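Shown here is one chain on its own, the form predicted alone, set out as structure tokens.
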Amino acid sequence: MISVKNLSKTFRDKLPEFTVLRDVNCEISKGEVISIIGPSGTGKSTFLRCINRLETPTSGQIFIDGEDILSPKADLPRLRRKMGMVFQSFNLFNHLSIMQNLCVGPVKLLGMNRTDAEQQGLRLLQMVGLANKADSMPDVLSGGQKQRVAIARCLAMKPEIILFDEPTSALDPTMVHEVLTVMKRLADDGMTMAIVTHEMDFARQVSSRVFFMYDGIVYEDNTPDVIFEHPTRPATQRFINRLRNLDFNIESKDYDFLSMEGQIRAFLANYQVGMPRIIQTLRLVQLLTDRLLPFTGPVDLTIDYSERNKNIYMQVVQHNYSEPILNRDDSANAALAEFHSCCEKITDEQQDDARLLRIKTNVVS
């Protein structure tokens, strides 16, 4: 239904120029629900706005049912009528009643008579649980109610595709559920949807596929189970686990260990990590740098904390080394034993001319 090929968007009116999309390629089939997730600033909303030509791409192609909407010969108004869009900020006409908001588009753009438009509007308001608000004005509604009206107004134009641009981001948390419930009903009814969202549980429940956008591209495209349980690419893994990280480059064994220890303490304390786990993490770093690492070259050390599962991870890259780090001679046995006792999982593998350790620490009470 939607095919995107080599899509790029550069904002040339900004100084310096800013490229937000770079060579995006993807396809969305009829009846699919695609959740688009990723860090802020990675082009998710711009991607949707390019699909319905609210933004003009710098290059690439966008096909809707086989027609290139970027072609000079494209009938853009007709193609746009196939797509509805629901924004963060509702965009209701504040001087019109709720029923008038739902009727103005079908009457003026689709040529529907007023009676049929009102009957359709009432059915749609019943679907979103707001039939009793037909004669109300938008300013008396809550944010969640306004967004439900915005969805009903979008449906009144009989779109084949609905694009949702963070539809719950402007809502009070208590109102998010009512909007997501309406969207889930649309998904169950087979509506084709592309949804930019930060609601991870919702994305997992309703999506056919999930696009993880990163650095202006669709960085990973897979089923919800794969994206949320077994993401294959590093940036996706970090985002899904909501990893916060602290990086160090240690040039030699004579590094400023007090400064690094202070930074690690402050970093973990910022995420309310308890003191026993902070002490454990510091001890692991001490064992590595004092006893286990050969320091054949610089060492890259990363401390990761997952806000999702509360785990602490470490990654160590020992450059210019090819032997297993955690399989040393007898003099290191006591340190190795203590190190292993504090870790749930350790991988020790070769990576180019360096040795890579990935460590998941034990959870201590």
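All residue numbers refer to positions in the sequence shown, first residue = 1. It should be emphasised that the depicted structure is a prediction, and the values quoted were computed from it without experimental measurement.
FYI, the form predicted together with ligand ADP isn't displayed, but the following is about it.
- In the predicted complex, ligand ADP stays beyond 4.5 Å of every heavy atom belonging to P57.
- Put simply, P39 is close to ligand ADP in the predicted complex: some heavy atom of it is within 4.5 Å.
- Ligand ADP in the predicted complex comes within 4.5 Å of no heavy atom belonging to A354.
- Proximity of S35 to ligand ADP in the predicted complex: non-hydrogen atoms within 4.5 Å are absent; the residue sits far from the partner.
- Here the chain stands alone, but in the predicted complex its contact with ligand ADP, taken as any heavy atom within 4.5 Å, falls in 40-48 among 65-73, 40-48, 296-304, 313-321.
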